[in-house]
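The data below hold one chain only, encoded as structure tokens and taken in the form predicted alone.
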Amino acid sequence: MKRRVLLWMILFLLLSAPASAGLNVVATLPWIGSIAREIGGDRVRVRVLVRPTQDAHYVEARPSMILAARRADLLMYNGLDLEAGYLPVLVESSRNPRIQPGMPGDVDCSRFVEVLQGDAATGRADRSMGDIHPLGNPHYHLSPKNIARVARGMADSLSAVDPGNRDLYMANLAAFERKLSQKLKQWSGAGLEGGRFVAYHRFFEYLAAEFGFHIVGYIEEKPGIPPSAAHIQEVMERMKEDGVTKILTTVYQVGREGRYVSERTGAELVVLPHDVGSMKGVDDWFGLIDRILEVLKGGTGGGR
């Protein structure tokens, strides 16, 4: 009997020892999970909440998400209110002290980056204005410079929660930075400088800023709200004046308005991956940028 009790005690200790099992990292978006895996390596188990094909602006909290948050050692999220529709519910309902605001497990990745001005950085903001982002444009994951900062922030955050493995996280960070340095040399030949595009949504501003091209107009009149016929006509006239021949959109934003503008102007509708896993072969963050630049250079129109 004593032996059986002892065996049960050993089994319980093994199952309840988080240090030996590694860290549970919950990431809201696929790109966050991708980088967390690179920095955390074998020390982390990563659960991603939002599917690659989903529009991150329209996600609802589910019981499975709350359960994941309850078990998390770290919660890593995009920030800038991109997850405002569901993240506060998850954090509060999880009753997990490790991921509450201000705790080491609360990792807002946006605090590590340089943010571009949002759609309504000052003044009144309400739903009639669409999916505005008063805190700044939240799509900074298409910025290699910002991702370098995010990777370092993740390494520091993991080290704060798991200081005994800081050397491992810093070694993984160094490997990530070396790979990024090599990729930047490769990406520098993208040849997009001076290019002029129309986009469906305000999604590519960080990419444009770092690779030297321009977004001269948007098919959306207000973010997240279908455009009026008058606005579409204005966009088409602007495209003609500026000689724009490509319309940039993403997998979840290929709507009738974009197709209509493409058909009426003859401009190519270029479908780009918006996140890791949103197109076949886009398996990590590096692959995401590879594919976007490849499609923009080749004008193949993307595809899934």
Partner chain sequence: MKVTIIAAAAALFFLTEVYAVENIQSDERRGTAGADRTRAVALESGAQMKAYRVNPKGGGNLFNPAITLVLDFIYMDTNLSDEEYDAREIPGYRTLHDADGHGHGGFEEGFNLRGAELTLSAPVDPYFNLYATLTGTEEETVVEEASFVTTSLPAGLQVKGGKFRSAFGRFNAFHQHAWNFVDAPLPYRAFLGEEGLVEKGVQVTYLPDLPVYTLLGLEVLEGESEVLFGEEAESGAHAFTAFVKASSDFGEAGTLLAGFSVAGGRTKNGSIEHGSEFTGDSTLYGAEVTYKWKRSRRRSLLLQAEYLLRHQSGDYVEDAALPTAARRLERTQDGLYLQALYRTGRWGIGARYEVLDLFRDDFMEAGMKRDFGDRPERITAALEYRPTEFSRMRLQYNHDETARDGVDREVFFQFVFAIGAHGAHPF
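Residue numbers count along the first chain shown, from 1. What you see is a predicted model, and the numbers here were worked out from it, not measured in a lab.
Only in words, not in the display: the form predicted in complex with the partner chain, which the text now covers.
Heavy atoms within 4.5 Å of the partner chain in the model of the complex belong, among the stretches 185-193, 157-165, 205-213, 171-179, to residues of 205-213. Although the partner is absent from this view, R62 contacts the partner chain in the model of the complex, with a non-hydrogen atom inside 4.5 angstroms. Taking the partner from the other structure, the partner chain in the model of the complex has a heavy atom within 4.5 Å of a heavy atom of D242. Within this chain, R238 lines the site of the partner chain in the model of the complex, having a heavy atom no more than 4.5 Å away.
With a 4.5 Å cutoff on heavy atoms, L135 counts as touching the partner chain in the model of the complex. In the model of the complex, the partner chain lies within 4.5 angstroms of at least one heavy atom of each of the following residues of 56-86: Y58, E60, A61, R62, P63, S64, I66, L67, R70, R71, L80, A84, G85, Y86, in sequence order.
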